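First, one chain by itself in structure tokens, the form predicted on its own.
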């Protein structure tokens, strides 16, 4: 069995670690690229959203590298993501790509439902080994998130342009290199040392922007045109409303790990603007915007793929949130026609707007 999975940001590091720890052969697809998107767009339904098209391209590229089994997350609710794995598998079958599909549905009642799915891949490994493998993958997801948060703080303050990007890639490689939990502890320290070696201007004033929206578009840099990097270069410190380790804890571990940010807290903050589940991360988009406003952020950017229903619902509510809380909000919709130049122009205009707004506030204070 040679297992592959779709890309979603740096998720490949934790999935690869978990599977290899359990003795499963892994085929990591090439990073998302124009070729990936072109392959997916050619064979996907026209009105499918960008994540489906990129997933499809990932699987086709992985098949050429020898992959024969796909593992993919499932879902439920108004968002179409819940049937993406099955739709993609049918499209691949029609194209004569013969994969074995394993869908990791969010457990409805107990964490053991998730473990049983993992056992389909790992065969006769003991439950103890399976749990250790999952824990190892999760520790890597936490480590990647921690390093990524550091990069968000450092990038707008760096003295040498591009030094954060270079250090971040080196730090990720350190985390990816660890083969055991013991090695990972050492490599996390090395990764942090790499990040702390970047020269920065500690007193430079920066703007702060929260990024909210649909999870795939938030986490996958190819789909969002590296928006965090572009904002960092414009002198903006960003934070993301969703990190991979938090999503794993909320949706696969059923919130077993306490002391982590969770969706319940965020959804509570969405009231009274939105009082019920609308699918995907629509509630979290509203709740996170409220929380960013309370934390004094200068602006919020909502990201969504074209035709994403839950985020369209959230988009229609955000102007009220912006007006009532006095925080600037911009929505960006991405699809296969999106280009970096157009995105950069809009970001520059938004950053100018919130900078001006901040100056006015400070003058009146």
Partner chain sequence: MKGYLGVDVGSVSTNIVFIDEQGDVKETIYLRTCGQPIVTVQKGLKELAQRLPENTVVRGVGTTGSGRHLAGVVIGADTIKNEITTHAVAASYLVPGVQTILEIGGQDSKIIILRNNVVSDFAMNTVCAAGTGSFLDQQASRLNIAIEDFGPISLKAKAPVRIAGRCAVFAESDMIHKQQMGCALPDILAGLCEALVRNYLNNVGKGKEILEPVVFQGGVAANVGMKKAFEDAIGVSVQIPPYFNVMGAVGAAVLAKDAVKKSVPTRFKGFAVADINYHASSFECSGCANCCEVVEINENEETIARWGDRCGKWSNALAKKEKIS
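Residue numbers count along the first chain shown, from 1. All values reported here derive from a predicted model rather than from experimental measurement.
In what follows, reference is made to the form predicted in complex with its partner chain, a form of this protein that is not presented.
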Proximity to its partner chain in the predicted bound form (heavy atom, within 4.5 Å), stretch among 121-129, 189-197, 159-167, 206-214: 159-167
Full three-residue contact with its partner chain in the predicted bound form, heavy atom 4.5 Å, for 229, 333 and 344: yes
Contact between residue 41 and its partner chain in the predicted bound form at 4.5 Å, heavy atoms? no
Hey, in the predicted bound form, is residue 315 touching its partner chain, heavy atoms inside 4.5 Å? yes
Would residue 324 count as a contact of its partner chain in the predicted bound form, using a 4.5 angstroms cut-off between non-hydrogen atoms? no
Hey, in the predicted bound form, is residue 32 touching its partner chain, heavy atoms inside 4.5 Å? yes
Of the residues 117, 233, 149, 251, which one places a heavy atom within 4.5 Å of its partner chain in the predicted bound form? 233
Within 4.5 Å of its partner chain in the predicted bound form, counting any non-hydrogen atom, which residues from 348-365 show up? 348, 349, 350, 352, 353, 356, 357, 360
